[in-house]
Ligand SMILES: NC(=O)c1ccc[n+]([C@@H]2O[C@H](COP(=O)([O-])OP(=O)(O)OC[C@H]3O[C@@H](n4cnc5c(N)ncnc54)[C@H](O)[C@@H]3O)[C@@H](O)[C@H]2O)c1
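Heads up, the chain below is alone and in the form predicted alone; it's given as structure tokens.
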Amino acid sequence: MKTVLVTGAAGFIGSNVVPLLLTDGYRVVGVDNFDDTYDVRFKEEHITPFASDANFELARIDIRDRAALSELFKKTAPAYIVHLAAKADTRAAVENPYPYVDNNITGTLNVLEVAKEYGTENIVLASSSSVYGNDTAMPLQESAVADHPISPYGATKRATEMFAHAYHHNFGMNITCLRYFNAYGENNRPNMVPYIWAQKLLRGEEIEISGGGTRKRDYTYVGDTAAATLAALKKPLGFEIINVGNSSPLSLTELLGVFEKVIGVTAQVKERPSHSASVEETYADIAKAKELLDWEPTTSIEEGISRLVAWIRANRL
């Protein structure tokens, strides 16, 4: 039984990846600092389903603490790493970029350094479609230069990819960077549009829609995102950057239509301007994921939103 260290294990994507790993027969060491970006009780709830699993161990440490990370590696000897821990709010990063640099860049550097020291076999590193900025060449391909992110968050994610390449080049480390596109679903972060809309529509409250509702996002069900992450973990590729998206973008207006259909309501809508850090469109070319990981999404937007709505009803109302 090989050990996988998962950073950000109590977060949105992490808490969906951990159960897949446990079901697949891995021993999992979860790392999370349970910061207060959103209600810490939510993260405690996220880990409850697997917290008592004999093959799961939780380490409440911060990836910015290199000494603590090193001690954990020494103790648990993980063969693999799924590095998901990060600060991930594009708007907040514009207002205060320093925590994003500390967590996303310095934290990732610590993970890479400790992985190098202990000879980790394969690393899956979470990147983001935010690295593309407002690139207009759709669908977005991994070969894009990606040197014009429009938020400090996107800039930190591009920086982590570049550090990953440097560590692969100099130390022969296997690192796959997955550019996640607009994940949504169970355990959703509460500051994301799908969560906010589902909760407000179920409560009969007014929702906000920005930019006239024309901006498009490649909404990807988190179960599909987690499956791609597991596929990448199982296949060391040297160094690769791979898009993980639904490859079927929807405008905000179209997304709202799905919510109205699933919930059976007509939304009360208030318009507001778009934020300067909001990109116009995300649309993943997933040919590389199909070829290298034998992965493609299997969950339709209607099914995924139905699952999100059911989870919100059960846990957040």
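This structure is a prediction, so every number in the text was calculated from the model and none was measured. Numbering starts at 1 and runs along the sequence shown.
The discussion below concerns the form predicted in complex with this ligand, not included here.
Colleague: Would you mind picking the one in Thr176, Thr229, Ser128, Asn246 that has a heavy atom within 4.5 Å of this ligand in the predicted bound form?
Modeller: Only one listed residue qualifies here, and that residue is Ser128.
Colleague: Work out which of Leu72, Val114, Ile150, Ala86 lies within 4.5 Å of this ligand in the predicted bound form, going by heavy atoms.
Modeller: Filtering the options by heavy-atom distance leaves Ala86.
Colleague: Pick the stretch from 246-254, 59-67, 259-267, 280-288 whose residues have a heavy atom within 4.5 Å of this ligand in the predicted bound form.
Modeller: In the other structure, the partner sits against 59-67.
Colleague: Is Leu140 close enough to touch this ligand in the predicted bound form, meaning at least one heavy atom pair within 4.5 Å?
Modeller: No.
Colleague: Is Ile207 part of the interface with this ligand in the predicted bound form - any heavy atom within 4.5 Å?
Modeller: So Ile207 does not count as contacting this ligand.
Colleague: Indicate whether Arg217 is a 4.5 Å heavy atom neighbour of this ligand in the predicted bound form.
Modeller: Arg217: no, not in contact with this ligand in the predicted bound form.
Colleague: Please tell me whether any heavy atom belonging to Val18 falls inside 4.5 Å of a heavy atom of this ligand, as the geometry stands in the predicted bound form.
Modeller: Residue-level check for Val18: no, no contact with this ligand.
Colleague: Does any residue in 1-28 get within 4.5 Å of this ligand in the predicted bound form, counting heavy atoms only, and if so which ones?
Modeller: Counting only heavy atoms within 4.5 Å of this ligand in the predicted bound form, the contacting residues of 1-28 are Gly8, Ala10, Gly11, Phe12, Ile13, Gly14.
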